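Before any questions on how it binds or moves, here is one chain, the form predicted on its own, in structure tokens.
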Amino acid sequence: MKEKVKIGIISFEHMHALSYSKALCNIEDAEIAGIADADEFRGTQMAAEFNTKYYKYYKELLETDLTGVVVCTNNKMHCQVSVDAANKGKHVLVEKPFAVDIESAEKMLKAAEDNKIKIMTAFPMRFNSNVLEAKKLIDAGEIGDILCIIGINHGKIPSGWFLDPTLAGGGCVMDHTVHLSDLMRWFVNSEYKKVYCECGNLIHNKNIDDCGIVNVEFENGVFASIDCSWAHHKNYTIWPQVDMEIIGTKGVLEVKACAQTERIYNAKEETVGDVAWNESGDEGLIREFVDVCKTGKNPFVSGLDGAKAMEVALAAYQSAAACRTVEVEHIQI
């Protein structure tokens, strides 16, 4: 019997750890070899659900014969955990945002390079079927040269550490800018140059930015806007919304990454809910990471991609504080 690739999950602080773990269970040549979580109740519960061993301390998990780890801690811990994993020779898939500052991102990338391991950013939208089709059409020249992009990534306001800037690195601008800034950079094939942002605590009264508009300019002259607000109220029928309108010299391409849904009217509970299908991108992301762990190949979406997306969020906060357009500070590697 072919030996399975052993993957560890470090923390279920981020809710995506659950969907990533479920995706791993669907991959025949991979297994969850251990779960580490400082929250003993949560960690033991998840270890029991996925029939694996629980570790209270992630460094103990790193001492085992894992090939790679999925890091789903709070954002501030991404750097320390990823560097520790790299130093133990483990490939790393780190939840977005890649890090909370430039210095941390540079440490993570350097640790991966020094230890000759691969580091990926968890951008499942890169594996979304609708987004992939849009990329094909753009690359085939169907809409000509891109002139500008209008992007929306709305969602419900999260809770817990997401509302603590010291752990999250910020609010909705940090949480929701990075998905679209990554996709836009991928579509446009140019680096970011300038950012102007207005954001604030205007919707939920949680003392953290919950709405924002981020305007960006690329080095090749393309410009774009990103609405990154936690705008959906608690009874909104579905969580994800990743929409783009891509304007080119030959046409306009509209992308609704999460539009395939089934609406369920529950008479007993008196609720209406939408269930998304066939488009989260989570399984594609995890399959790519398993393949990276098996082969050591360069990942389809890298740590550097995550760092480049993070640059936009950091520049957005600088812009909002200064009330002016700012130049994007780039990672030095």
Partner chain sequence: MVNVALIGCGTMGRTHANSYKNINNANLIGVCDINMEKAQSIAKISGSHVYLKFEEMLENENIDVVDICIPTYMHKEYALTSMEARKHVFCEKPIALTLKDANEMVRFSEKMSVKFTVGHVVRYFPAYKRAVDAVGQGEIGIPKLIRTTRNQGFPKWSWEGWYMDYEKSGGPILDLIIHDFDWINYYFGDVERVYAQSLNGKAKEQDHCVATLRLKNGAIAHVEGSWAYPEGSVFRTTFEVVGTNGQIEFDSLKSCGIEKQINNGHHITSYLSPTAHSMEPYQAELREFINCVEADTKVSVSGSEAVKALQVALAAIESSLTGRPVTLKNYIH
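Small disclaimer: the values here were computed from a predicted structure and weren't measured. Numbering follows the first chain given and starts at 1.
There is another form of the same protein, the form predicted together with its partner chain; it is not shown, and what comes next is about it.
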Proximity of His179 to its partner chain in the predicted complex, heavy atoms at 4.5 Å = no
key: 4.5 angstroms heavy atom contact with its partner chain in the predicted complex for Ser19   = no
request  = Please check if Glu191 has a heavy atom lying within 4.5 Å of any heavy atom of its partner chain in the predicted complex.
outcome  = no
ask   = Looking in the predicted complex, any heavy atom of Arg185 within 4.5 Å of its partner chain?
value = no
inquiry  = in the predicted complex, does each of Pro124, Val272 and Asp282 have a heavy atom within 4.5 Å of its partner chain?
reply    = no
ask   = So which of Ile102, Ile152, Leu167, Leu132 reaches within 4.5 angstroms of its partner chain in the predicted complex, heavy atom to heavy atom?
value = Ile152
request  = Taking 4.5 Å between heavy atoms as the contact cutoff, choose which of Cys211, Ile138, Ala112, Cys258 touches its partner chain in the predicted complex.
outcome  = Cys211
remark   = Of the candidate stretches 115 to 123, 76 to 84, 91 to 99, 222 to 230, the one with residues having heavy atoms within 4.5 Å of its partner chain in the predicted complex is 222 to 230
message = If you apply a 4.5 angstroms heavy atom cut-off, which residues in 242 to 269 are near its partner chain in the predicted complex?
response = Glu245, Ile247, Gly248, Thr249, Gly251, Val252, Glu254
